[in-house]
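Two versions of one and the same chain are coming, encoded as C-alpha cells; call them structure 1 and structure 2.
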Structure 1
Amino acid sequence: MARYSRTEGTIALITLSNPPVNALGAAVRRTITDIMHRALTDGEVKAVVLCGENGTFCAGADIREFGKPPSGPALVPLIHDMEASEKPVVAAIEGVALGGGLEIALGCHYRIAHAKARLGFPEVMLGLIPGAGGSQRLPRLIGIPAALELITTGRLVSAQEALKLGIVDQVVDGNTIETAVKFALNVIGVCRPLLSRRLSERTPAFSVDAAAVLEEGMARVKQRARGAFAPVVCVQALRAAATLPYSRGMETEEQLINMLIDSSQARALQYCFFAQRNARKWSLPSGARWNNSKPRAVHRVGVVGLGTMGRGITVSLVKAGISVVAVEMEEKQMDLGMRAVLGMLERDAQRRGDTRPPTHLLTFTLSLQQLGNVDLVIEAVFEDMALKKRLFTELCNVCKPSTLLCTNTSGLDVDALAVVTHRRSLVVGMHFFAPANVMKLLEVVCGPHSSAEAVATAMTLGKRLGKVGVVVGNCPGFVGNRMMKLYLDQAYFLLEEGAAPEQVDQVLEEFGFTMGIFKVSDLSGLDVGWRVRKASGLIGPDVNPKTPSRWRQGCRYSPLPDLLCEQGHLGQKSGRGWYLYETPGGKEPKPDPAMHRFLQEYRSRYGLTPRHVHAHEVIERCTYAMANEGFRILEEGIAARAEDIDVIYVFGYGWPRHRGGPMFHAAQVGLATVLQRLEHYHQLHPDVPHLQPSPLLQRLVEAGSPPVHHWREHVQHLHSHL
C-alpha cells in the first residue's frame, strides 16, 4: 500500500504502492497516515520525499469506494499534518498526480515533476469537486482564473505547463526521485521558511477582479454544463476560496462535496468511467477475448471513398501517424476530398502550433490497384449494398491476402459483405461517427466469420486513433443506429400528435443532449435516412400502392421526413429542414413558420387532432423507447453489456454523460416505472409494437430490478453474437 525507507541517512522515502495507479483506497490512506506520522516524529528524519511506485505518483481517490460506507482515515487531516510539519516534504511526481493525488502533492512543501508527468483535478468528470483541500489550495497557488479553468473542466496539464503555472517547482528529464531527494537535502535546515510554502497560509493571488472572473466563469460553466451540477459547484468552491479564510473555505468544500458525493449525477459519471474502461474487455462466443487475442500490426491503411466519412477517417489516421492511401473513383470527388483533408490537417496543425501538417503520410489516388500493399482497408463509400459488394470483391483481388477489409457502413449487413470475399475471417465493421476526426465512438462490428485477430486489430487501431471502441454484433443499424431509429420514430410521432420540432429539441436539450434530435437530423442531412428507407423498401416502387401512407410493415409509420426530402428540404445543406437556415450550409437553426403550417396541413390531411405534448412525455417516449430496444439488443447478444450500450450513446450520440446512458437512466428512473410507462404508451399506441415492454425488462422487474451490472445474469441468449 505504501512503503517506508530511509535514504541519505536523514531522508524518509514514502512510496505509494497500490497498482495499477496507486489509488488512495482506505488501506493506502491508513498506511500513509501511519508512516507519515512515523517520518514526521522520527528525530533522525530531517525531510520526507513522497513518490509512487512503477512510475505513477497517484491517480487520486479509489473511485470504486465511492457510494460505499466510508472507512479508513480521511485524506484531509493527513494533508494538514504533512503541510504543518516543520520538516520539508517534497513530492516526486511521475506519471500522473490526479485528484486526491494532486491534493497530497499540494500539501507537500515542494513538487518536482518528471517531464512526462500529467497533473490535474478530473473530479468534475466524476460529478465531484476536489474534496481534500484542492479547491482551496490550487487557487492560492496559481490564482483564481487558472484554477477556475482547470477545476471546472477537469483538464490535465503537462509538467511543462504545470511549471509555467507554478504548480510544480522543477521539471526533470532524468530520475525524479533522485532529484527530489537531492532537493530535499538542499532545503533541510536552510532558512527557507516553510511558512511561505504552506498553501493554506496564503491568500489567493488576485491579479484581476476575482468576483468578475467568478461571475463570468459561472455563466460560462452553466451554459456548457447541460444540466450537470458538478461544474457549477466547482465555481462555488472557488468562490469560497476567494472570499473566505482557509478554514471556512475548507468547511464549505466539505459541505459541497458531501452534497455531490451521493448524487445521482456523480453515480452516473462514475458508472461511465468504468463502463468506458470495461468496453475494452470484449469477448467472442469462441472464447477469444481482449486479453488472449493478438492484433496485427497496422502500418499502412487504405481508405476508399472521400466523402464526409472517408475524409474524417483519413484525417484521424494521419494524425495518429499512420500512412494512408486514399482512393476515390471520380476525379472531381477526389479533388474535393483531397482539398478538404489537407485543409483539416492544416487547421489542426495551426491549432497545435505545428508548422507543417503530416501530409507526407498521404497518398491520393484514383486507382484501387494502389492498395496492394496496405495492411487494412476502410471502405467508406455510399450506403449501397450492391456497390459495397462489388468493391469488396475487387479489394480481394487487389489487396495482399492478409489485408483486413473493414466497412464503415452505418447499418448494412457486414456478413453479406464478408461472404463475397475469400477472407471472411478478415472482414469486420469499423463504424465511425461523423465527424470521424472528432467523434470518439467506434463500433467494431463482428460477424459470425470475423476472427478474434480481426476484432483485436480493429479495436487496437481504434485506440491508436483515440477512439472508444465497442464490439457489437451484426444486425441492421448495429446498436447505436438501431436504437436511434426508434428514438427518431417517437420524435416524428410527437410532431404528428401536436409538438413542434423546436419544442421537442428544447426538452431534449434541457434533459442534457448536446443537440435536439431535429437539429441533429438537419446537421447530418435528412437524405441520409431517406436513402436507407428507400434501400430497405419502406418507400419507393416496392411499396404496394394500397398501403396507407402512415403504415409500413405492420406498424405505424411517419412519412414526415420523406415529405420534407421530396420538397428538397434536406437540412442545413439545403437551408431548410426541420428548421430554417439563413443560407444553404447555414449553421443557425431558426423555427420555421412554414414548417408549422406544413405540420398543421399534414395533421388535418390525416385527421389528427393536435394536443399539447408535455415535456415529460417527450423524454419518456424518446428515452424509454430507446432503452426498451436496448433490452432487446442485450437479449439478442448484439451488445455484450448494458454498459456497452451506454458507452455508445454517451460517446456517439451526445447522450448527457451525467445521466449515464439510456440503460443506466432506465435503471435510475426505476425499471418498474419504465415498464409501467411503456405499458401505458403501448396501450395508447398499439400500432407501435416497439413500445411493448421487452421480455428482458419484464423479467428484470420480476427479479426485483437488480443493478445494471447484474442484468447479464437475466439475459436468455437465444443466438448470442458476442
Structure 2
Amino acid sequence: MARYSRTEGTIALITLSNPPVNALGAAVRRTITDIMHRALTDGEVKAVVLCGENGTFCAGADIREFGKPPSGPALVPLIHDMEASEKPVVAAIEGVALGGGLEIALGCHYRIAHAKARLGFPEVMLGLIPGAGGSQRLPRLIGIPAALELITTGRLVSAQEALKLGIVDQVVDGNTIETAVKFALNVIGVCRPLLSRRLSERTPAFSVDAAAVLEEGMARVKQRARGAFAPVVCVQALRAAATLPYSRGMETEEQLINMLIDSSQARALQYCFFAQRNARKWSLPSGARWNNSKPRAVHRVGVVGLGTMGRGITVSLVKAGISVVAVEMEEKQMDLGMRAVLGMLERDAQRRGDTRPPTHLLTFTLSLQQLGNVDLVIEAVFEDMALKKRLFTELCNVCKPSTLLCTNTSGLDVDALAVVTHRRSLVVGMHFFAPANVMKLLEVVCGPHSSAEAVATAMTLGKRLGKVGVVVGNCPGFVGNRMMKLYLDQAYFLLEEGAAPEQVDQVLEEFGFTMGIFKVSDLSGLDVGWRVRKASGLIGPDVNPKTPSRWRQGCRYSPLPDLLCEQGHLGQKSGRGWYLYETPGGKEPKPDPAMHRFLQEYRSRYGLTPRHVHAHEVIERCTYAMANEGFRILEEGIAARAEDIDVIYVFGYGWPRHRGGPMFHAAQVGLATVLQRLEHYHQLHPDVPHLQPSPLLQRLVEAGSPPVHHWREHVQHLHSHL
C-alpha cells in the first residue's frame, strides 16, 4: 500500500509498498491519496519525498485489474494535488518508473533517479495511451518530438538518457532516497517559486513547427503501426497537448483512453502480455510442472555448426556472459563463421558504447574433442537427419555423461535423435529462429523421454538469453512450422487460382504482418523449404520435373516453389525468387514481370482458369487454415494451451500483436464464423484436407464458443506429448 514517516523533522517520506513492483492497484491509490493529503495539509511538513520500497519506484498499473471494472480513487486528482502544492514534492526513482508510476513522478516538482533506473510509457504495447496526464505533461517537459518518439513506441530510457532529455533533474549512484531528502531540504524556503516546476502550467517548447512535426510523426507512426490503433491515438493525444490548453488536453486524453480501453486491439495486446507470462508456467495435464524441477547450472556451452543459425546462437550465448566452445568441421567454414561471430559482437559492443566485446568467452575449434567439459551442447548443423544422428552418436562418446544434448532442428524428430544416444532423458530440442541473436522466440521441444530437469534447464537457458521460451511436443514441424506449412500451402494455391505474390503480400501486410509470406520466403531462401520437401518424400526421382503432379501423399500439392528452385530462383540470395532483386543478396523486392508470365504458363499447362481473388479470401484462407491446425495441435497435446500457440506466432512469425495470434484472432472473429468459412472453402477445395474443420473447433462452437483459456476443457481425450 503506502507508508508515511517523517525524516529530518520537516520532510514527509511516503513509500509505495505493493510487492514486487509497487503497482498502482486500487488499495495503493487509496492509501497514497490519503497519505499525500495528510502530508500536504500538515503544517509541520515543509516538503515531501515520494519513493518505493525494495529498490523500485513504481511499475504503473496493476495488471491484475486489467479487464475489471474500475475501483478506488483515480490518479489524476492525486497528481493534480501534488503538483498544485506549495510544498516541494520530490520523486526518488529507483528501479523503474513506468506508465502511471512515471505520471506520478511527472506530477512531482523534482525527480531524482538512480543511475540504474529505467523510465518510460509502455502503455502503447498494451493498446493504450498514458491516461493520467502523461501525454500532456511529457511534451511540456521535453518537447513534442522527443515525447512523440517515447510515447508512440513505448521505449524505456535509462536514467542517463532521461537526464539528457530533461525528464529527471539529477542522477545518483548512491542512496537515491537520502539524496532526494537532502535535495528537498535545499529547496525549502528558497525564493524559487514552484510555478515553473508545474508542468501543467507550461507550454510545450517547439524547436520547429509543431504542425509539421505532428504530421510527419503521424505518417511515420501509421507506417510502422501496420493497422495498430494505439500508436496513432498517441499522436492525437500529443496534438492536443500542442494545440489546446492543459485542461482541454486532459479532456481529450480521457476521451481517447476511454475509446481504447475496451477495444478489441487492447484486449488482444493485453492477452499477448499475459500469454507471454503464462508460457513460462507450462504443465502436464497430470499437473506435473517442469518449472518445479530445478534446472542444472550451465556455465559452458558447446555450439556445433557455424552457419547462419550457429553464429546467431553463439552470439546470443556470449552476450549473456556464457562461455562458448564453437565447433566447425571444415577450416574454410570455421574461418567464415569465426569472422562473422566476431564482427557481430564488435558491432553490438559499439552500439552499447563498449570498446571491449566479450571475446574472451569464445573458443573456436575444428575438434569435437574440445566439448568434453561443456554442460550443454546445441547442434546447429544442416537439417539432415542422417548427419544429425552421426553427430549425436559422436557427442555421446565425447561429452561427459551429464551433458545435455540439444538440437536446433526446425522440425525433425527429436526422439529419433535421442534413440542413438545413451542419454535419452537429456535430449531436448531448442528451436531458435533466424537470426538467432535477434529473434525472441525459442521452441523447447520435449521428446517422449526428455526429463523435466532437461526441459527446465533449456527453458532457463533461453530466459538467460532473453528469449521467450515455449515448451512444445515432438511432431513434424512442432507447432510453428507445422502451422506455417498450411499457411504457405494456401498462399501457393491462391497463386494457382489467379493471385500474384505482391497482391497476397500486400493484403497480409495490411492485416498487420511485418512482411508478406512471399517476401519472407525470399528472405529465408526458397531452397530451405525445398530441402524439407525432399526429405519428407514430397519430391523424388518419380516426380516429372517439367510437369510435376499436383497431387501428392493423398492431397492437393503445389509444385510452384519447386519449379522456381529448379530454375535457380532461390530468393534474395540469387537475386530472384517470388520477386526480382537488383543483385544477388539484394534487399529491395520488386514485382517480377517474368513471374507473372511464369504463373500464366503454369495455369495454362494445368488447365487452370485464373480468377480475381478478393482480399478477404486471402486473409480467411491463410489465417483460418493456421488456426484450424492449431485446434488439431491442441487436440493432440502438442501444445499445452492456445495461448502458447499465439506466443509462438507473435514472437517467431511476425503475427501482428494487436491481433493477438491466430487462435485469439479466430476467437475474435467468432468461432462459428471461422467454422462456417472453413466448411465453405473445404467444399470448394475437397482435395485440401486441412481446410476440413477440426473436431475441437466443432465442439467449441457447439459449446457456445467459450473464451480461449477454457478451450482445453473441451479436448475429448486429454493427453499430452509434452
Ligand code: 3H9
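All values reported here derive from a predicted model rather than from experimental measurement. Numbers follow structure 1, counted from its first residue as 1. Only the largest set of C-alpha atoms that superpose within 1.5 Å between the two forms is called the rigid core.
- By the stated condition, namely the form predicted alone, the second structure is the one that fits.
- Core-superposed comparison between the two structures: the Cα of N18 travels 2 Å or more.
- Residue displacement note: G9 has its CA displaced by at least 2 Å between the two structures (rigid core superposed).
- A movement of the C-alpha atom of V303 falling short of 2 angstroms is seen between the two structures when the two forms are aligned on their rigid core.
- At M82, the distance the Cα travels between the two structures is 3.2 Å after the core is superposed.
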